[in-house]
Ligand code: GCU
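Quick setup: one chain, the form predicted alone, written in C-alpha cells, and binding and motion questions come after.
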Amino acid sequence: MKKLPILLFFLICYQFSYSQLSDAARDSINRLNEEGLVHMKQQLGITIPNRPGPSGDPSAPNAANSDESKINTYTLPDPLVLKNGNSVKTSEAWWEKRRPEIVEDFESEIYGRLPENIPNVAWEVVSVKDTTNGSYPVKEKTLKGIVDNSSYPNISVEIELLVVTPANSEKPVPLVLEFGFIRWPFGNIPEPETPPIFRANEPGWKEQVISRNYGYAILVPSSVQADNGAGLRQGIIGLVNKGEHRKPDDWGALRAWAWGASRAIDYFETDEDVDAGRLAIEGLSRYGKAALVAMAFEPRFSLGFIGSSGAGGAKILRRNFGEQVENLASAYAYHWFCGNFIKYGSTLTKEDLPVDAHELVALCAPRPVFISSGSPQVEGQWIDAKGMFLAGAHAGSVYELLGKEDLGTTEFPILGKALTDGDIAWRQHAGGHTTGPNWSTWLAWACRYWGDCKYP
C-alpha cells in the first residue's frame, strides 16, 4: 500500500479519533461539544448566538481574508504600559507589576487558571532499550506519569512520555520536548511519506537532534487531556473537577497540555541522562499553540520552537487575516481555552481582548523563542504567518528592557530569510504545515545558547 501524502497525514492526525468512530459515536461527540458550549454560555449569561467564523477554504463564499490590503486598523495593548497608564521603565517594574497584570489577563480571559488542587504525578519507567536513530546509538525510555486519582477514582489519567538520549554521551545532555505522537496511532492506515516539496534532503528532526549530542522527548497531549469539548469532563480537567463542568475561568486543553509538559520537566530533573537546565519545548499547529503557552508559563524551559501556531498561539488576534477569534470560540475549538474566551466571539469582539499574542511571546522573555512558519503557497494562509511575525516584533520591547535582542526589524522578511541574530527568532520556510525544514536552522540557533554542541 502506498504511503499517504503529508497534507492528508495532518488531516488524519487531527481527525483520526473522530473519523474512526461510528456515526452514533460521532454524533455523541458533536452533541457533547455543543452542550458544553451552551452550558458555558449559560454560566456567562450569554443568550445570543456566537458570530460565525470565516472558512479556511479559500474558495468558500465566506473565506477568511488573505489580502494584506484588506487588513483592519487595530491598536495593540502596550506590554510596557501598566493598567494605570504608567510606563514600565525598569526590569523590576516588569517582573513585579506589569508581567503579573498580563498573566492575570491571559489566565482570566484566554487560557484559564491552573486549579489549586491538581493531584500529583508519579513517573514510572515502563521500558528502557538500546537502539539507533539513523546511524546514532541511543537510549530510549518509555514512561507513564500516573496521576493520583484517589480524590475521584472514576477518572484515570496516565501521561505518555518517550525520552531518547545519545547512548555514548559522557554527561547529561540538553533535551527538546515535543508535543506529538510516540507511536504511529492510526492502525491500518499507512504511515505518510513526505513528498519532495516538503523535504530538504536532510535527516529527520530526531536524527538531527541526536547528531548534535542532544536528546529529545515526546509527550502525547491526548494522554493528558482529550482534544475536544466532549472530553472536558474527562482527562486531567475532568479529574480535578470530579467529572463536572468547568467554571468560566477554569483551564482549557492548551493550559492542561502545558501543565503536562511541566510534569515532564519534574521527571527530567531526576533523569541522570538529561541536563534539566537546558530544555526546549517544540510543537506544531495546535501543539504549537500549546508549546508557546508552556514556554510562557513554565520558566524551566530555556528555549522555544513554536511551529505554525496561528490564532490562539503566536498570531495577532486583532488582525482580520486567516483564522479568527470566532473560529476559536466555536464548538470546534472552545475547549482549548477557558470559558470566558467565548465572550469574544459573541457579546464582545477581538478588539475587547485585554491582551494579544505579542504579550504571550513577551511572557517568554528573557528566554529565547523561535517562531516558525511554512510558505503561503504550500501551507496556506489560515495561520497568518505575518501575524505571527508581528507578534514576535511587538514583543521586542520587553526583550530589550530585559537586556536581550529583538527581531531586528518590523519588516516582514522574504520567504526563507532567517532572522536568528536576536533572542526572538523567525523563519518562514518553503514547505507546508510542518517544522521540518526549519529544524536545522533552529538547531544552529539553539547551539548559540546551549553550547556544548556537536556538529555532525
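Just so it is clear, the structure is predicted and the values come from calculations on it, not from any experiment. Heads up: residue numbers just count along the shown sequence, starting at 1.
What comes next is about the form predicted in complex with this ligand, which is not displayed.
*Asks:* Quick one: does R286 come within 4.5 Å of this ligand in the predicted bound form, counting heavy atoms only?
*Replies:* Because a heavy atom of R286 falls inside 4.5 Å of this ligand in the predicted bound form, the answer is yes.
*Asks:* I'd like to check something about Y111: if you look in the predicted bound form, is any of its heavy atoms closer than or equal to 4.5 Å to a heavy atom of this ligand?
*Replies:* No, Y111 is distant from the partner.
*Asks:* Verify the contact flag for F370: yes if a non-hydrogen atom of it lies within 4.5 Å of a non-hydrogen atom of this ligand in the predicted bound form, no if not.
*Replies:* Flag for F370 set to no.
*Asks:* Look up in the predicted bound form whether W123 has a non-hydrogen atom within 4.5 angstroms of this ligand, and give yes or no.
*Replies:* Contact with this ligand, no.
*Asks:* For a quick test of understanding: in the predicted bound form, does each of W336, W382 and H433 have a heavy atom within 4.5 Å of this ligand?
*Replies:* The answer is yes; W336, W382 and H433 each reach this ligand.
*Asks:* Tell me which stretch of 84 to 92, 371 to 379, 328 to 336, 98 to 106 has a heavy atom within 4.5 angstroms of this ligand in the predicted bound form.
*Replies:* Only one stretch qualifies here: 328 to 336.
*Asks:* Name the single residue among D273, E323, D250, E160 that comes within 4.5 Å of this ligand in the predicted bound form, judging by heavy atoms.
*Replies:* None of the others qualify; the residue that does is E323.
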